[in-house]
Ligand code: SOE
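First comes one chain, alone, set out as structure tokens in the form predicted on its own.
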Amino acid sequence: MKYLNVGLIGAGFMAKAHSIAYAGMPMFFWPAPAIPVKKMIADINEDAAREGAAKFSFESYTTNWKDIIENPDIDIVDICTPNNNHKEIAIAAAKAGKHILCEKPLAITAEEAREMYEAVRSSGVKAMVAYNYRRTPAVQLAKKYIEEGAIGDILDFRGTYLQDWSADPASPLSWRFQKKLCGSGALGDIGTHVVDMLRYLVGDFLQVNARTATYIQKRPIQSGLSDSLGNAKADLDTPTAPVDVDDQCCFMVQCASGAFGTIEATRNAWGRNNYITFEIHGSKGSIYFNYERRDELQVCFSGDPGDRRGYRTIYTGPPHPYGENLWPIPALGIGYTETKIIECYDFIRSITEDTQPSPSFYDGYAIELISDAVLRSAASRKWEDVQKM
């Protein structure tokens, strides 16, 4: 059995998700393509690093991420830091010949993403961006139907990612509200997940026409870079600072295939928790998905007899993508963790089989070009071309 040593940078929420995936992947996908070994975890906060090593079962910890890069025993560098750190760490890892798993979005600008993509292309290492929602079995089933031609030519689509965790003005000014640390707000944080899924399903984007808004202009200052995701609330005496990124974005999309669509992302939608949806209409049918009901895919095929035509619900399970490795009957239920386990499996398999992971840094760069076009369009109030790679 092959083993791959992992160095994980960042000891917060995403470190927890990735660590569970490394532990669980061989249990679900046995025989595993390789066994991930949690070798070292890094965080600038020593208490967080020490606790992360104990909690997530890493052999050692450090407060300097460069220790992971310079460690000859490390095979994989896993980046779970705020977005502004992705570029420096990923380029250093690529130059050191380490494979890379990087949390999304890939970078804070398209230019940074281009440098990261070129670094991994030159080094030949495997590099994946962690857009895990596309690995939900129902999304993979939608991809299967589209590629089989079951819904015909794609005509139009709509996608949403709606949350409410930051709708309260008392939720703190985490790094996700500061442009220098995150690049963009709702667009980069959650909107790019929908961009990734729909680009994966319907093809490349050519043009966008966008509107963005910042509803809450200032927020209470929090100490450190830890993410409360709206769970902590400030008191009336807490100093505030400006928010300089978008709370909401909404844009129209023209695809290379001729398909047309809309995408909306907001973190200010009271009553919506993790509401990721897409609906795709084709010349022979339609597909609808809602992540909050992630075991389900709703489909309608025009070839069905008229007296029974309409949306039907398919519950994903063993007959569907990844299904035989998850749970033994449909609708038994999958969660966020399973999407990360599948992501881990696909990434490790790309290393052992010497194949290109997906979404790759190429895809991450493409998504940053789309994000840049969205922000340009929001400023110009005009259609903007997505720049070519």
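Residue numbers run from 1 along the displayed sequence. Keep in mind it's a predicted model, so treat the numbers as computed, not measured.
We do not show the form predicted together with ligand SOE, though everything after this point is about it.
K.L.:
For the three residues Y145, F278 and H320, verify that every one has a non-hydrogen atom within 4.5 Å of ligand SOE in the predicted bound form; reply yes or no.
P.N.:
Result no, not one residue of the spot touches ligand SOE.
K.L.:
Taking 4.5 Å between heavy atoms as the contact cutoff, choose which of F301, F157, Y133, Y200 touches ligand SOE in the predicted bound form.
P.N.:
For this set of options, the contacting one is Y133.
K.L.:
Since exactly one of R272, K104, K87, R294 fits, which has a heavy atom within 4.5 Å of ligand SOE in the predicted bound form?
P.N.:
Only one option qualifies, and that one is K104.
K.L.:
Counting only non-hydrogen atoms, which stretch in 112 to 120, 207 to 215, 186 to 194, 282 to 290 is within 4.5 Å of ligand SOE in the predicted bound form?
P.N.:
Contact-bearing stretch, as computed: 186 to 194.
K.L.:
Check R267 for me: does it contact ligand SOE in the predicted bound form (non-hydrogen atoms, 4.5 angstroms)?
P.N.:
Close contact exists here: in the predicted bound form, R267 approaches ligand SOE to within 4.5 Å, heavy atoms only.
K.L.:
Can Y336 be called a contact residue for ligand SOE in the predicted bound form at 4.5 Å between heavy atoms?
P.N.:
Looking in the predicted bound form, residue contacts with ligand SOE include Y336, since a heavy atom lies within 4.5 Å.
K.L.:
Any of the heavy atoms of R176 lying within 4.5 Å of ligand SOE in the predicted bound form?
P.N.:
R176: contacts ligand SOE in the predicted bound form.
K.L.:
Heavy atoms within 4.5 Å of ligand SOE in the predicted bound form: does F251 have any?
P.N.:
Taking the distances in the predicted bound form, the answer for F251 is no, it never comes within 4.5 Å of ligand SOE.
K.L.:
Can you name the residues of 151 to 185 that have a non-hydrogen atom within 4.5 angstroms of ligand SOE in the predicted bound form?
P.N.:
If the 4.5 Å heavy-atom criterion is applied to ligand SOE in the predicted bound form, 151 to 185 yields Y161, Q163, W165, R176.
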